[in-house]
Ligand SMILES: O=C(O)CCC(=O)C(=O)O
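As a starting point, one isolated chain is supplied in structure tokens, in the form predicted on its own.
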């Protein structure tokens, strides 16, 4: 369960780091499963995984990555962070208590890749809102990023502006268009989040974030799961396959399908 210090730091900074969250054996399985999708071309599908690169410099983006095999299914309710998600965005103790993963993807970023700064508390979007009221957290979306390899200086690390989920004013860099912002390296107040393989970073999506420019050779690999309340809907319209839903544990299936479709008999 989240500790009092976890809750304080999450409220203050907008993020938490879980070191060694995913063990070496599981990490090897995740990377091996990801290897099997590296040959997908843009807009191609395999096993309900879709390569849909979101931004040209962000690298290869494999959407619906939960469908890539059992190692990715294990991340759905991973004990390192699942109770934090229930506390921060699961509407704990309310009549809509529960979680939903509205997007899951992996990115593979090569040299020259980056993601411009986006989000921030000033946008006040309900889907990505940060709220703590009457003793409860009510976050619209909280992200979980797992480092599948080491991410250090020059590796295109995720960058955030700590505390910006509380900001009602936009950072001056937002005056530029998304395409003009470039990497976050030069953004005043932004910090790089260096992670070891197997570390996980939990952060509210309302925090201003993006990435540094990758200057090193090789590639940066991460898996990202976006959690929200049980009342949510998939961000991009992806549907989980019947085969996946059938083989999941009841606990995992309830996170991917918290509200089972209600149909008339013989429909």
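Positions refer to the first chain, counted from 1. Since the structure is predicted, the reported quantities are computational estimates derived from the model, not experimental observations.
Not pictured, yet referred to below: the form predicted together with the named molecule.
Inset, instruction - From the candidate stretches 201-209, 237-245, 66-74, 42-50, select the single one in contact with the named molecule in the model of the complex, where contact means a heavy atom within 4.5 Å. - result: It is 201-209 that comes within 4.5 Å of the partner.
Legend entry - Position in contact with the named molecule when the complex is considered in the model of the complex, options 118, 194, 122, 138, heavy atoms within 4.5 Å: Of 118, 194, 122, 138, the residue with a heavy atom within 4.5 Å of the named molecule in the model of the complex is 118.
Legend entry - Option touching the named molecule, based on a heavy atom within 4.5 Å in the model of the complex, out of 105, 100, 174, 81: Of the candidates 105, 100, 174, 81, 105 is the one lying within 4.5 Å of the named molecule in the model of the complex.
Legend entry - Proximity of residue 224 to the named molecule in the model of the complex, heavy atoms at 4.5 Å: The answer is yes: residue 224 has a heavy atom within 4.5 Å of the named molecule.
Inset, instruction - Decide whether residue 109 counts as a contact residue for the named molecule in the model of the complex under a heavy atom distance cut-off of 4.5 Å. - result: Although the named molecule is absent here, residue 109 would touch it in the model of the complex, with heavy atoms inside 4.5 Å.
Inset, instruction - Answer for residue 158 alone: is it within 4.5 Å of the named molecule in the model of the complex, judged on heavy atom distances? - result: Looking in the model of the complex, residue contacts with the named molecule include residue 158, since a heavy atom lies within 4.5 Å.
Inset, instruction - Flag residue 60 as yes or no: does it have a non-hydrogen atom within 4.5 angstroms of any non-hydrogen atom of the named molecule in the model of the complex? - result: Residue-level check for residue 60: no, no contact with the named molecule.
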